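Shown below, as structure tokens, is a lone chain in the form predicted alone; questions about how it binds or moves come after it.
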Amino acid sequence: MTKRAFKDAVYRQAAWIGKALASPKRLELLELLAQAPRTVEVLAAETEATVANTSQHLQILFAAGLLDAHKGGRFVTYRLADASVGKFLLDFRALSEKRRAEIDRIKRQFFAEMGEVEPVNQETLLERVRRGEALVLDVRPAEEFHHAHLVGAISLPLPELESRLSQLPKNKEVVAYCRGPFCVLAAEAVQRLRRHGIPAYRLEGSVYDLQALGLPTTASASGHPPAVDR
């Protein structure tokens, strides 16, 4: 093998990753699978796509080595291949936000239209939690919470929020988090809580963003958190 043939061969293989990521829908699927394993049908519903199209996207990600798949009966469950994929997603998103200023403009506009729901920085959150002044809510679906969550957080999926308001203490501020800076579940939760007179704030990071910053997290024995120390 010549040097040229060697370089062409290895870069051709590396390009499979780039090709797999060259789709907004596939990036969204990876972000969802970073939260917890899911079936094709659940992922299709989450991304508002057909099962057929979702399956095709997942097969491309699988072929690139980014996902593992397990078939149980009629259903196929996908998950991230290993922790390195989760770390790569965090770094990829950070690079995208740093180099693509349009992302920040879109985020600012969207959240301003939602009522300027501002995030709480990690230092402030830690201090409030340490003093017992803030209640941390994980507003993702329950299966994501069980897969991994911040230590001390309470699982309160967004669809259950109104029915469980009576369970929230009246004398504490509430901090809600979800899947990260591109997720709107926490912002919606904060809107609803404020309408009921509860002081609430949005924490922008996902459980894996916060894990990478050193916040304590817990995960089920059946699943590996995709994020690792940076």
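Residue indices: 1-based, along the sequence shown. Computed from a predicted structure; not experimentally measured.
The form predicted together with the DNA is left out here; the points below concern that form.
Comment: 67-75 is the region of 146-154, 67-75, 95-103, 81-89 lying near the DNA in the model of the complex, near meaning a non-hydrogen atom within 4.5 Å. Among heavy atoms of residue 36, none comes within 4.5 Å of the DNA in the model of the complex. Although the partner is absent here, residue 191 sits far enough away that none of its heavy atoms falls within 4.5 Å of the DNA in the model of the complex. Under a 4.5 angstroms non-hydrogen atom cutoff, the DNA in the model of the complex lacks residue 63 among its neighbouring residues.
When the DNA is considered in the model of the complex, residue 23 lines it closely, a heavy atom lying within 4.5 Å. Residues 50, 51, 52, 53, 55, 56, 57, 59, 60, 71, 73, 74, 75, 76, 78 are the ones in 50-80 with at least one heavy atom within 4.5 Å of the DNA in the model of the complex, listed in sequence order.
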